[in-house]
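Only one chain is included here, represented as structure tokens and corresponding to the form predicted alone.
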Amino acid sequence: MNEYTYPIITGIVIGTILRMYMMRTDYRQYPTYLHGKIIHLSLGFIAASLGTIAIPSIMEKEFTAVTFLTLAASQFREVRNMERNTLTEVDAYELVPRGNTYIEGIAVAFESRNYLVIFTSFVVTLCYLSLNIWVGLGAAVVCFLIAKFLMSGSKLGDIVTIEKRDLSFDGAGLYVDNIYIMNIGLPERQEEILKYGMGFILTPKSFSVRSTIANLGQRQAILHDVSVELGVFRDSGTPALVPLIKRDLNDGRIGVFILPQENDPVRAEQVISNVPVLENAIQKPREKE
């Protein structure tokens, strides 16, 4: 063993542990299966190895080895494509799909987390070799805190006020509060909707938020997360039982109509509040550049 053996092992182990920490299966159920996790852990190990080996290569003036980082960037870009293609194929079989905007956000997250692993392994190895192992472990703690902060992101509850509202019919028109949702002509469908359905009004906390919650991808993410957490009272071929979100054109509020199998308004409000604000949906029209 030489002077680089323990720093390299430390950098790779810390980077791989960070990737494990960032890969958690939550109520959105992705990644779900063991084989999918193995793929991402393997890629995390490769990313940690690349970030770690870069420092000894620079110290030994083997600058050609650092060019592998460029190759890694192109390979991890393929991770985004892989996740996008996989989720798009699976999404076609969901009763309430995620939508393209949500899928793109997940794909970007998986790509970016590999870069965080490279950065962490790079910093830990640099601190270990430049100073000592304790400084390296301290740098690892800082990198974990940064990763935790970046993973948190904004939640819908941060930008809107959520209030439960009753469902009602005006003739064949279904309303959540005073927001029109859709037309339901069959009396039996109206009875099912009033029995199983729930309605919520999401009021933006600022003018800029109106554009964000108006985004169709953000709306679809709300419906998908609620349906995953609480179930959905529908099957294929029943378009009248599809959860929907419609917008009040006057003030930017949105009316959420859902049909959960578990009728728990408090839990439904919590799920809506925890829906991530999608990066591709964020717009701030009143902020100056």
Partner chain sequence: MKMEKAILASITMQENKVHGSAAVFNCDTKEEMEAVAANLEAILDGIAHRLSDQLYIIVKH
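Residue numbers count along the first chain shown, from 1. Quick caveat: nothing in here was measured; it's all calculated off a predicted structure.
Beyond what is shown, the protein has a form predicted together with the partner chain; the following relates to that form.
- The stretch among 37-45, 55-63, 216-224, 233-241 whose residues place heavy atoms within 4.5 Å of the partner chain in the predicted bound form is 233-241.
- In the predicted bound form, the partner chain stays beyond 4.5 Å of every heavy atom belonging to Val79.
- In the predicted bound form, no heavy atom of Glu89 sits within 4.5 Å of the partner chain.
- Of the heavy atoms in Gln190, some are within 4.5 Å of the partner chain in the predicted bound form.
- In the predicted bound form, Ile159 stays away from the partner chain, with no heavy atom inside 4.5 Å.
- This chain is displayed alone, yet in the predicted bound form one of Ile184, Leu95, Leu116, Val123 has a heavy atom within 4.5 Å of the partner chain; that residue is Ile184.
- A single residue from the set Val135, Met151, Ala73, Ala172 has any heavy atom within 4.5 angstroms of the partner chain in the predicted bound form; that residue is Ala172.
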